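In the block that follows, a single chain appears as structure tokens, in the form predicted on its own.
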């Protein structure tokens, strides 16, 4: 069954990644784009061969749309996801789905009531390099996992970027941190227990710019996470096992046309595995469509991700964990 999509907002990720991915997926069709800027909507529509709407609500009332993709700033996700669900549309949202646990719980309940699929677009979960890592660990040849480390951060963004604005749902935790939490959950399993966390918020900043966390799985395996803005670029997964060290230096952002490298170091030497290029946006879209067609309304992952994010934020914001500039 072909799923007909509408997009709310002409965000860069929609133009660079999502709309081109729709063109590669036989079961998907882009029907319309909506923007509050009519000229931007018209330009986007011309580029991708779809209709243009100059109002989000106008797109939601269209009868020729089955699902809506939300690339809006995080603070707007709950409002427009609720409106889309109320209009009878499935919703695929860019991450984070919402800015807090209570909002995620509300959306999950509304999706249940509407009998619609609600998804959070962690596209890296659908890249073949992650399956290679899972298969390698499952083979047992590397031995038991001792430690997982994940880092994701990038250099400064333009000052007006929504990621620096608290009112738009900005902050390093909600943006970059979510990736590290997600991969720890994926590889170590749920639930994870938070042992420690820290968020750095400069005095002149509205939002946290850097953070870190220590978590442990039910099997006693630790995960060390670090994430941030205004930093040297890092996008790495490291897994230390009984017999080896596995690293993936582009675990979260391997784009279409890029062949990522997985390195495995053992006592016998170093192996380098070049993974065939993949399109994790197209794969994530196919996965979402399969969920729609199979009526897979499992929302547990959405709630676990939100609970862990909330726990990290609450722990880090406790007064006993606050630090300021200068020596301790």
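Residue numbers count along the first chain shown, from 1. Just so you know, these numbers come straight off a predicted model, no measurement behind them.
Form predicted in complex with a small molecule: not shown, discussed below.
Think of it this way: in the predicted complex, the small molecule has a heavy atom of just one of 245, 234, 95, 128 within 4.5 Å, and the residue is 95.
When the small molecule is considered in the predicted complex, only one residue from 88, 256, 73, 249 comes within 4.5 Å through any heavy atom, namely 73. A residue is said to contact a partner when one of its heavy atoms sits within 4.5 Å of a partner heavy atom; residue 123 meets this definition for the small molecule in the predicted complex. By the criterion of a heavy atom within 4.5 Å, residue 240 is excluded from the residues contacting the small molecule in the predicted complex. Although the partner is absent here, residue 175 sits close enough that one of its heavy atoms falls within 4.5 Å of the small molecule in the predicted complex. For the chain shown alone, residue 162 is a contact residue for the small molecule in the predicted complex, at least one non-hydrogen atom being within 4.5 angstroms. Heavy atoms within 4.5 Å of the small molecule in the predicted complex belong, among the stretches 263-271, 33-41, 57-65, 297-305, to residues of 33-41.
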